[in-house]
Ligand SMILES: NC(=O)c1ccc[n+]([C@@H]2O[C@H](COP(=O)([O-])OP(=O)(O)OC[C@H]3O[C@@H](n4cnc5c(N)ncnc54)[C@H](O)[C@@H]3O)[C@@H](O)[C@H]2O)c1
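For reference, the chain that follows is the form predicted alone, supplied as structure tokens.
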Amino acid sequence: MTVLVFGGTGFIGQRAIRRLADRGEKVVCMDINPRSASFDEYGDQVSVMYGDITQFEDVIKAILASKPDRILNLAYLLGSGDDTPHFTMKLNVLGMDNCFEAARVCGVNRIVYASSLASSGQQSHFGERLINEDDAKMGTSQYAVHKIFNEFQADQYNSIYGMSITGIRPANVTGPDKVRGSTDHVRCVVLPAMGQPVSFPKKDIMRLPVHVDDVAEAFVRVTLANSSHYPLYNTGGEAISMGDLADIVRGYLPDAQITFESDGGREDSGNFLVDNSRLLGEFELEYPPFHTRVLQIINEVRESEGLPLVG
């Protein structure tokens, strides 16, 4: 089958495209930065074209040119977006709406898109319990509100037009090359791996990291499915404090210079207790132990820096 990927040269997208191609699927990528990733090793199986998802005509042209069986939308602005509200709205809200509407007009019924853990808001709204996909959406940042609207709009298209649109809510996606959005859990691993010191405000603030490879695999499995049992899926991840993450890093790098300005922070944490049983059960996913992903990131960084591997 043919899969059209919007935003496919980005952090998650390029990994998802490689997984799709490795499974034998034909992939067409439309991205506003088409040269930021190379898929030359796949030849004609993967093609990349320029396009701006905020422009409806570009989205229509991409769909008509590729004639996809599936669409995977990973085009969005990662992070709060509170400092650039107009641009962020165009990409996160108008871009997603363009994707849904163009697919409907062109007769593509199956879409998978990226929502976010941010839609749930702070953990303090829910107490010390696992949050599932049916819980109230308490996010208040620009980014979170956009994702909440994306989920609402997907429900509208599913109910009104009978489409099969499924959202995945990634948690704090981590990997050696992540530079946008929530990055403290990334810098806690990457900078010590490079031999650099790093400091954070609060030791007990909680994160829910999940490795980018696991997130990419989740998007691929859901995209290739003809349909899903639910409209939304949490990726979940490893509920861990920044202090405990630092301890894992020091287990591999005893000389790592990771410091904190103060204890505390748990009460300021975003959603970190998450039920991901829907995704793991229906799509038969199993994440590797988190400490092995930390070691993987450390060694990927050290290899790129010409430093000895550890572990």
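Note that residue numbering begins at 1 and tracks the sequence as displayed. On a predicted model such as this, the values are computed, not experimentally measured, just so you know.
The same protein also exists as the form predicted in complex with the ligand; that form is not shown, yet it is the one meant from here on.
None of the heavy atoms of G243 is located within 4.5 Å of the ligand in the predicted bound form. Of the heavy atoms in K203, none are within 4.5 Å of the ligand in the predicted bound form. When contacts are judged by a 4.5 Å heavy atom cut-off, L74 counts as touching the ligand in the predicted bound form. Proximity of N299 to the ligand in the predicted bound form falls outside the 4.5 Å heavy atom cutoff. Stretch-level contact check against the ligand in the predicted bound form with heavy atoms at 4.5 Å: of 167-175, 193-201, 221-229, 133-141, the positive one is 167-175. Only one of the listed residues (T259, S262, N33, S38) places a non-hydrogen atom within 4.5 angstroms of the ligand in the predicted bound form, and that residue is N33. Contacts with the ligand in the predicted bound form, taken as any heavy atom within 4.5 Å, map within 40-73 to G51, D52, I53, T54.
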